[in-house]
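Given as structure tokens, the chain that follows is alone and in the form predicted alone.
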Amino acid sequence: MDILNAFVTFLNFVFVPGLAYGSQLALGALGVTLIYSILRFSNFAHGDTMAFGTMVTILMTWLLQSRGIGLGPLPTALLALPFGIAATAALVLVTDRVIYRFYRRQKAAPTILVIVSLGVMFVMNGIVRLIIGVEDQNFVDGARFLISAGDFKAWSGLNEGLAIRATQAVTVVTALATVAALFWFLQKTRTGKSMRAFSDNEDLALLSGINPDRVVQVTWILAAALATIAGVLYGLDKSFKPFTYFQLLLPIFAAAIVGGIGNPLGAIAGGFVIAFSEVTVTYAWKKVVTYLVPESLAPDGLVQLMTTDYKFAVSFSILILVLIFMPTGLFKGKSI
């Protein structure tokens, strides 16, 4: 029984949160890796693109709720999500036409585009803060739990109860559907094949008659969709605060680079590597260890390597190690 209690505790506080967080990071990293593959630069405005899309979704969620429109047990934000994606796609397309296109035509070095994206990041962050404010926003409604701890205890007879929040289940299912749709688009559609060809060899793709402007536009739209979905799922699972999405930029880039930037499969794998690393290192293992060892050996301390205040240090450490020892990542993406 103690082993089962330890296992349920592990699921409750490590595996399920890591799975949800990894899904959010994977979607964010996919957006970063798409931009890097097609436009050849690291988009530091991606975190605040997530914040903008989430903000629009929240505002539309509030509007739908005020009119009594909802999805029952599911969050109303899922209904508002297409509006967030559309607004974010419009924003990034305008940004590309007004700002990035000029530097592409000048054949500016990737370093210049990175610096430009930093400027875009600060402008986006300011817009989001100006419109929605700087406070935490909790926009979750519908059912709170898919499985509650009390119900699980009553069913299993264990001391520990497994609790799976509805937002965690929505995150995993939505992420799976999004990834499946993205890979179908890239593998099966003519536009997706054009994007892959453009990413592999830009000169050859242009000689083949592929329209570069169309490829760029579709890339921005897909990146906006991935950013908005990732941002909304993160906001539903935790809460929305504009500056948090700026901080998420580090684990998202770490995920993309660990997996192999430019490689979509690598971005997904990197998201889960970073998420489970952060959760595992910052979790206090005292309760799990207490179940697994004799009472005389039960630890007095928390058995915690780092507090949650330092969780981004885990991402940073992994990022540095990968850049030093494996610069192309786990899945052999483009060298940084």
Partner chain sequence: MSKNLYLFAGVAALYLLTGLFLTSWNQTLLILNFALVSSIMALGVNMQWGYAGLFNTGVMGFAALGGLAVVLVNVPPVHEAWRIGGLGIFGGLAIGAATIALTILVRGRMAKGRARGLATAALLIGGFLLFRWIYDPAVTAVEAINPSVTGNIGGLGLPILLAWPAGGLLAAAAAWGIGKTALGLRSDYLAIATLGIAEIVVAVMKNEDWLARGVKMMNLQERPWPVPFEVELQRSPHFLDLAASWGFDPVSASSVVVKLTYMMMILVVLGFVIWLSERALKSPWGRMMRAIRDNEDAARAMGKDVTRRHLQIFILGSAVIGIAGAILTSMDGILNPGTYQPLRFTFLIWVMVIVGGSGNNWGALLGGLLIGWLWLIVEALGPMVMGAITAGMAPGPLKAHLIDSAQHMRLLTMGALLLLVLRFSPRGLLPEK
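Residue numbers count along the first chain shown, from 1. These numbers come from a predicted model, not from an experiment.
Omitted here: the form predicted in complex with its partner chain. The next part is about that form.
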Contact label in the model of the complex: L319 to its partner chain, heavy atom within 4.5 Å: yes
Hey, in the model of the complex, does N263 get a heavy atom within 4.5 angstroms of its partner chain? no
Is Q247 one of the residues lying within 4.5 Å of its partner chain in the model of the complex, judged by heavy atom distances? yes
Spell out, yes or no, whether the shortest heavy atom distance between F253 and its partner chain in the model of the complex is within 4.5 Å. yes
Quick one: of L206, A177, V123, A90, which gets a non-hydrogen atom within 4.5 angstroms of its partner chain in the model of the complex? V123
Considering its partner chain in the model of the complex, which of A86, L146, A108, I115 comes within 4.5 Å of it through any heavy atom? I115
Within 4.5 Å of its partner chain in the model of the complex, counting heavy atoms only, one of 58 to 66, 270 to 278, 288 to 296, 303 to 311 shows up; tell me which. 303 to 311
Looking at its partner chain in the model of the complex, is some heavy atom of each of F102, V134 and F325 within 4.5 Å of it? yes
